[in-house]
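Here we start with a single chain on its own, the form predicted on its own, put down as structure tokens.
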């Protein structure tokens, strides 16, 4: 069982409230959900939509064929009715121009607006519609009240919307009967930005500072809503340059610090990324990618910052780059990023993207038993020679790090210039070489902690599809569809990107006849990185760069047409 609903209209018509309410109800009823947003960069108007797939098994990608279209305006009707299945229907309000569509037998015209008007609040039209949707799928009012209470904080408003849903159910007829689902209290419904923010809290974040920039803003919004409860500080800086420098300052003072932005903001942060490198300051930077260059498509998705972040900064620094593959992965990966930054005193860059940021998915509740917060702060007894040397040469290349003012009599000298072990500025060639060797030595150490890409599909594949980050879910679905057709196919999806893990890559490269990189960019940036690091060449590429995410179905179709 698997159904696909599209809710479309102009910005300002209440699409988000309608979809959020419907998602919460379906989730509480025990169904698995996968919902993604497609919206324009404007406050009002334009064409926006939300797609909600739900069913009785986990769902990892969006899909084009629709079972139900809720058209809040004529444009939605015109753009999406061709995607409707033969069994699908369209819900519209009677006020839309019926003369253009009266011969469409799939069209269901209801008095959503009139019912809302009878309830003396036009804003409950969306809830009236939700009632009609529930009735269409043969669902009852169980969990509806709880869902209204969770979205509408004012009791009277929650009750009004509950009433609107009841009224909406009276409008429609039941055309489907869904299997009831068991209780799903061990499941949560969460989007990528929220999961990443929760991971930061679980990982011991003390200080988050950022400048709002779509689609990363949701991280700051979520953290700021929890800062009192969590005992952290969330700061909105005046720009991204200030944000990363404030985060570095927080880390210098001992706080677990993180900043987040999108591609344009990351561009502004680059000089200070190098500052954290030469000062050996632990720092996590989240780049929620969107299509560039410049403003590009600010509310849409792309995976086009990988090549940039690999070398961002003048000069050379050790860094680690990882991408998050799903909401579940975003949580655990963020904890890990904070621990790695702390241990190796390096910047760790997390790559996410708009698709993942705004996609809500049913996943297992986070297991906090798997979470550890590993701080690497030196103590008084670690200062071996009586005088603290911030940049002391050590066997493993990591200098002792103490917090200013915490150990009596010890002074911390830290500088953006090249420096000796004490932190004094120097232009000594010998010291320069030693300090560079020490800092870059960490790249070798990181190779021992990188995680191999996730493999799924055949152990003896003829065809190997490789992706990273948010391509995880769509590739899962595509591989399953190809295997169902009898193809020997597998996929490797990278989370850790730099240093590049190579064991599984080399293993399956030796088995597969054809390697294909599947990415959301123009130049095939993962394919280039793999070739640069290993000499392994991808024979084919499946690339997309129109700002819309590849689906599992789309990958399947392109593999059939362009590869096999």
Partner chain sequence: MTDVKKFDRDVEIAWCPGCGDFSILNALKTALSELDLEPHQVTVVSGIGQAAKMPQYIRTNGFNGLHGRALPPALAIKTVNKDMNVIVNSGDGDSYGEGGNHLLHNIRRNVNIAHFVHDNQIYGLTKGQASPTTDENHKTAIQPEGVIVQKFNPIAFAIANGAGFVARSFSGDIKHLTETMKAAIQYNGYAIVDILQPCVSFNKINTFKWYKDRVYALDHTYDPSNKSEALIKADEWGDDIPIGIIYKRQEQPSFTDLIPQLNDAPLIDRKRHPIDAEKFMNDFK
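Numbering follows the first chain given and starts at 1. Since this is a predicted model, take the numbers as computed values, not measurements.
One more form of this protein should be noted, the form predicted in complex with its partner chain, which is absent from this view; the next part is about it.
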| query | finding |
| --- | --- |
| Residue stretch of 297 to 305, 80 to 88, 240 to 248, 442 to 450 approaching its partner chain in the predicted bound form, non-hydrogen atom distance within 4.5 Å | 240 to 248 |
| Listed residue (393, 425, 155, 433) with a non-hydrogen atom within 4.5 angstroms of its partner chain in the predicted bound form | 425 |
| Answer option from 415, 459, 485, 118, heavy atom within 4.5 Å of its partner chain in the predicted bound form | 415 |
| Residues 24, 226 and 253 all lining its partner chain in the predicted bound form, heavy atom within 4.5 Å | yes |
| 4.5 Å heavy atom contact, residue 406 and its partner chain in the predicted bound form | yes |
| Exercise: residue 176 in contact with its partner chain in the predicted bound form, heavy atom 4.5 Å | no |
| Exercise: residue 384 in contact with its partner chain in the predicted bound form, heavy atom 4.5 Å | no |
| Close approach of residue 397 to its partner chain in the predicted bound form, 4.5 Å, heavy atom | no |
| Members of 211 to 236 lying within 4.5 angstroms of its partner chain, judged by heavy atom, in the predicted bound form | 222, 226, 227, 228, 229, 230, 231, 232, 233, 235, 236 |
